[in-house]
Structure formats: C-alpha cells, structure tokens
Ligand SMILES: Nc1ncnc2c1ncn2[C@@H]1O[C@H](COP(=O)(O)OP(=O)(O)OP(=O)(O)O)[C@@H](O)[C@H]1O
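One chain is shown next in structure tokens, namely the form predicted alone.
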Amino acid sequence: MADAAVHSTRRVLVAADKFKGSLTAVQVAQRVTAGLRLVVPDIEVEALPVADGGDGTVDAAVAAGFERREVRVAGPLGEEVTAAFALRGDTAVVEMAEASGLQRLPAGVFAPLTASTYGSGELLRAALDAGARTLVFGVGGSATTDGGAGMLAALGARLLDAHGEPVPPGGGGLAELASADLSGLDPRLAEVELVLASDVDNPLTGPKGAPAVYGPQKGASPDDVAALDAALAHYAKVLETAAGPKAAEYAASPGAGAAGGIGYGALLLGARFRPGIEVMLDVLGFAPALERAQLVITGEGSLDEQTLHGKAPAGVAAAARAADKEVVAVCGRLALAPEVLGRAGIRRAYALTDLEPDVALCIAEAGPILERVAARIARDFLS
C-alpha cells in the first residue's frame, strides 16, 4: 500500500497513450476515470491523452483542444483518402500515418517497394494553406520506405529518371533516380518552424537504417530490404548533388530513418528532430496539467523494453519524476520488472492480464477490464 501522504491525493492526471488494437488514448482516459470514480466518486480527474508522434497523435491534439481539419490526399498506394491534421492558432500537428500509414493499406496487403509518402506532403501543404507557422510533424506507423521522396515531390521537388521523367512511386523506384531539383519546393517551408517528432533515432540506411530495421514489418523480404537499402543510399547520393554535403549528413543523422526514411526528407526541408513524446507534451500543455496533479496515471498497450526508448509512458514518467510527482501505469501486458519500472520513474504498473489472463479476452474486453484495474489503483492510492 502507498503511504499516507499519497492517500490524501485528490487530483489525478491521466496521461496515457492508446492500447493499440483495443482502445484509443481518449478511451483509455475515459475508462480509467470511470474506474477511479467507482471507488472515489468525487475524485478530480484531468484527462490528457498523449501520443509519441505515431498514429493517434492528431487525436491526442484534438482531445487537448486543437481543431480537427480534414483534407483529401493520396494514400500510400495512390488512392484518395480523407486524412486529418490538427490546428490551434498557427500551430499544426500533422501525423504522417494519417496519409501514409499502415492502417491505410487493405487488410493483409503490403507494398514495401511502391508505397509512397506523397499524401504526407499534401497534408503538410494543407497545414501551410491553413496558416500554420509551426508544423509538428509526427512520424511513425508508416506503410512506406521511400525516404520521404513522395512527400518532397508533393511539396514541389522534381525527382527524375535518366529520361527526365518522374521516378516511379515508392522506395523501389528510387533506384532509377538520375537527378533531383529542389528549386520548386514550396517557399513557405523556409519561413516556418518544422519539428520532426519521432520516437526512433535510426539513420537512413545501413544495418540500423529504415529498410533493415523496419522494412520487414511492412512486408519487405530480405531481397526487398537489400533493394530498398541500395535505392535509398543512391537517393541520398543524388540529393547530395542537388542539396550539397548536408544531404549526406542528414542521411546519417538520428531520426533520418524514422517512418521509412521520411525523417530524412523532413531534415532536407529544414526540420529539427526532437523525441516525439517531448514535443507532444509541450504542444498538449502537459506541464501546467502536471502542476495541478498529485498522482499521474500513464500507460500504453504493452509496457516492455521498447517503452523505455522514447515511448509515451517513459516520457510522461520522466517529466513527472522531475516535478516530484508519483506515477503509476496501466497496460494490457507488462514485460518489465518492478526495479526497471522504478528506474523509469513508475511506482507501480497494473496490467489487464493481472485480472484476465486470457489475452484475446483482454483485447476484446479492454474497456471494462481497464475500469476494474483503475478501481484497484483507486483503492491502493486514493481511498
């Protein structure tokens, strides 16, 4: 049981990410709130759904008071889709997965060599058209490995083959790239702040690059991975001719390999790379909300080794620990030892599988089980 000081807690901040495949971050906050109130009906709860730049980032921004804007753009296979970005004042939150994410592919369909980020470029352009002067570009969950080539083309770059024709879409088509002309890029890009928000720090190519590390998740065979790695290395070489030596520096920079290399394209556009959760906590107004809280509840679907490397719960816990606030976590499954959680700033973690060992049932009934988990937190920390 927690100590008496914690028992006097009366204001809770719920700052959790989605439970992928089960609950959105907004739904997680709703269920946790409901569970806490079963035990402490008058508890004050502030919900601040969070995201780390990947899918769900626009939803988190909208939940924090941004306006949702929808626009028709190209999906990863070129078909038209309705994608959203979030706008508040002159700050836009743009999520590449909205246009070019794996969720945009038909079930069971992968296109590792041909999926394009063109729609992500159209989404950035729509945010510029809406008057954005700061673009927070959350990248993750991509279906693509094209180094951001599609995005650059949508923003005015010309990527041509030996016959002066545009290269085919996708990372595979970059093997045919003979010349690049960036002079037609949207001039507004030079006047805005572009922040690349990502939870991965891979370079563009090589053993830790985008094709090798993330290609297989997008359906790339070993031969596809080799072809994509060679094509992206060639792409970076051609861009060096067009943009100078900084193009080679960017290819080796942390974050260049994010979301199939769209990080590289963003760096070419002048983006500044920052850990996604740090950026999103700033944008969502986490610091003032944290100040008002005595207990913070964070979480995501799986608390595991990956969580510790820039995922939302680790970022929330680090910020809360710096402010001397107690943190507990909720999750679907827990794969971290208590001492590891402690080092990350998490006092205790509560998993759905503690109450329901059947994982399939946990996924299907995540909402009601999470309410029961939250009631347990209330009994341990608040009653």
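Don't overthink the numbering: it's just position in the shown sequence, from 1. Being a predicted model, the structure only gives us computed values, none of them experimental.
Missing here is the form predicted in complex with the named molecule; even so, the following discussion is about that form.
Stretch-level contact analysis of 159-167, 295-303, 280-288, 77-85 against the named molecule in the predicted complex, using heavy atoms and a 4.5 Å limit, identifies 295-303. Distance criterion of 4.5 Å from any heavy atom to the named molecule in the predicted complex singles out L352 from the list V327, A349, L352, V32. A single residue from the set R37, R321, R69, R333 has any heavy atom within 4.5 angstroms of the named molecule in the predicted complex; that residue is R333. Interface residue remark: I363 is counted as part of the site for the named molecule in the predicted complex, having a heavy atom within 4.5 Å. The shortest heavy atom separation between R372 and the named molecule in the predicted complex exceeds 4.5 Å. D59 falls outside the set of residues with a heavy atom inside 4.5 Å of the named molecule in the predicted complex. Remark: T24 does not count among the residues lining the named molecule in the predicted complex, judged by a heavy atom distance of 4.5 Å or less. Looking at the named molecule in the predicted complex, residues D146, D229 and H234 place no heavy atom within 4.5 Å of it. Looking at 43-60, the residues that come within 4.5 Å of the named molecule in the predicted complex, counting any heavy atom, are D52, D55.
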